[in-house]
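Two forms of the same protein chain are encoded below as structure tokens; each is given separately, as structure 1 and structure 2.
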Structure 1
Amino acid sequence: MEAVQKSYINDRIHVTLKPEKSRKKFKEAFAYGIIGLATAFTVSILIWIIGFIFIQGAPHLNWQFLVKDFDSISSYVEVRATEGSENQLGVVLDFKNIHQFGGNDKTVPYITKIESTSGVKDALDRLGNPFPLREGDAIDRISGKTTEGMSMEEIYETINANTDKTMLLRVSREGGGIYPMIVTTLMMIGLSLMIACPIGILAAIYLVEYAKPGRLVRTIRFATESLAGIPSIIYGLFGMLFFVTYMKLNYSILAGALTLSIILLPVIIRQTEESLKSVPMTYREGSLGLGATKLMTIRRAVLPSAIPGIVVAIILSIGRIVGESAALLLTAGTAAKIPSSIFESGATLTIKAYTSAKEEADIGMACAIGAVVIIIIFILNGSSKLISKSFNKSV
């Protein structure tokens, strides 16, 4: 009787547990399926976007795209004659086709090699400004004579027929590159970090090392978190009204950098705070116990240990600068040239990508610039992760 009862109980438990186990397995499988689908969707979208950008921009991506000016340049330059060379320019020429407006092409001689003693390196334009010739420059006219229709022998004869110490050339420099935007972006990075880093790092030091918990600290942290959540277009509007208009900086690198420095402050402050908090209290206690002052402790014991985290904050800030467009569109301007000073307008890479797509309808150029920006962002993110990993290992 006892054995029959035990068998009956075991059967009942088996009957009741089996549906529970199968229901649990179904729930787990369903949850894993949803997670897998979400992950696959996210990765697929990311790969599709990056693939689209690189495929559309691939025809433009080459070394010349990085080192050439965006706009074509034509200028008359004065070049001193070169002695001891096969020709008075001290260059080697070849022919290439140049596409002209209207669909017509013309064949012009261009510089393929410049000798070390060539005078074209010291060429001056008609205003007396330096205009050094470089490989790839096309020569349209030599001492008033057009090179169109000339053979290479006739071109060299025209060069060597010069009897003066100098000769006048009309030079055309092909555009289509992003070199000015790269230089402008580097200028924007350097100036923005020079403004934002000292303020952000010092503010973080105050919050961690000096400030006592209370209303003031809570207000500062609330303001920092609020700044991090404000859309960049709002910063751009503020920068345009205050820096560009009220302070009369006009559209300039300085106005853009001042606006960007405000955007960067939350990133730098929060990341530096976390880095300072991660430094063990024993470092501070040991330094103070040896007779060091508070400032000496921060400078010699705390900051050296927090440097990797601060470097990560700076790298993340660089990524934000490179990827910013809305704020700079309203403060730095869209001029596709290298600014001669921080008070002149200039377009960064993202700004030029926007104007190429929106105003010039050149999707290929915009995607090529986007591909360069993506590569830079990947490099910066990879660098920050490597620094964080090495910092965690050392700790």
Structure 2
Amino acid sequence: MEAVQKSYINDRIHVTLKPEKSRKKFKEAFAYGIIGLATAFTVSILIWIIGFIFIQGAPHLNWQFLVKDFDSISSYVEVRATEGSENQLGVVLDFKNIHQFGGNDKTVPYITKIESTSGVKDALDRLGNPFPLREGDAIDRISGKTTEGMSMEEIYETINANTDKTMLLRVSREGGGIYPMIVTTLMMIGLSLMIACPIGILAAIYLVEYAKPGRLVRTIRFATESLAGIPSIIYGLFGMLFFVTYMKLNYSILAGALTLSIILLPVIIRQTEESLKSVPMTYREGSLGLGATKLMTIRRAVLPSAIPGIVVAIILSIGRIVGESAALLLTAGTAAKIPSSIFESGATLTIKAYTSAKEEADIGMACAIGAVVIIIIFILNGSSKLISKSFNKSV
């Protein structure tokens, strides 16, 4: 009985050795497969997101998009009557829907094509300044008559009914640019850094140069870690309660920047700490040994060598400011105009991308702004890498 079993085992071992090996091989290949698949997923999602945003945003993306106002402008213009064309303006018109902020959609006639002989290219505004009409401009009034509710035939009739050499039009040009948001974002970056950088850098100096291990340091570290873990919507709630309501700053750039500077604290403190720690002890010892005081040592010996690290902290902070949205939504508001002071409300690029997607249901616009933001983030990432690379080399 025993002998039979033994031989069975031996037999089995002998026989199954090969399949066992191939199964192992298969398992290995499978494991490599899922590892590769997971990585492929991560990378392709990134490409998909960036591709989607750039492709959707591409139609908007041009120089005009960066320098145009977001809101539309309207003006009266005087146009020379065009001869030898189907209509006196020498343009082809079509209807389009204009989305009005806080109101209903409006159907207006707009210029789809301008003939080469057309007089609209030499149009003058009321002050006599040139105001050449472009394709896309909407015509609100013709010789004092509103085009609202007119059919296309009636519009052409009104145009051709003109007997003077010139014609008075009221045109409106859609904004659709992001210039105000760029200005607001820059203001937000400047102001937040002005508040957060001194606090963060001084705090880091304390933690690295002065503090002795103990309860205070532990509490400070716990606080910075906690700050890093609080979601931005909670910052928004606090900012709204404290800066907007209690300090009566209202929805403003200042309230937003103050809220942001708390968000930035952990980033700046941590980065600056790292760079201070990497300054060799001998620098300090040398300076102190030569009779310099601690403050002088920090100012003359430690800080200059830590500057690249601090620059990286600032770049990371800029990235954070550009990307921030929930906290700013509750503290800086969503006004799409250039704030005349830091006490006025203003939307940053990211906030505008959100309101475009959510309230105006304009994915194209959101993506166009998104593309600009991604380009900014890309540049920031690259430059912070370059700086830390050259810094590491020099040490």
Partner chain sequence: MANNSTDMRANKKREFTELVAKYIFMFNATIAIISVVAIASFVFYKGLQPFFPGNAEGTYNFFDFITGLEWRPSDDPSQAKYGILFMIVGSIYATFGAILMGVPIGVLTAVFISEVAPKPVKMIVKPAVELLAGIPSVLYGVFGLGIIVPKIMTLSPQNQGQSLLAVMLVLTIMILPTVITISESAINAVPESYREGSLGLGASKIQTIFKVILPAAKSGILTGVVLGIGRAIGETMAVMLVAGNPIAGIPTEIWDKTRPLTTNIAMEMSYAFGLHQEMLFSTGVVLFTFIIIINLILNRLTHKVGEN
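One-based numbering along structure 1's sequence throughout. Basically, rigid core = biggest C-alpha set you can superpose within 1.5 Å across the two forms. Quick caveat: nothing in here was measured; it's all calculated off a predicted structure.
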{"property": "Assignment: the form predicted on its own", "result": "1"}
{"property": "Rigid-body rotation of the smaller part between structures 1 and 2, in degrees", "result": "61"}
{"property": "Distance the CA of Ala29 travels between structures 1 and 2 [rigid core superposed, Å]", "result": "4.7"}
{"property": "After superposing on the core, C-alpha shift for Ser74 between structures 1 and 2 in angstrom", "result": "2.7"}
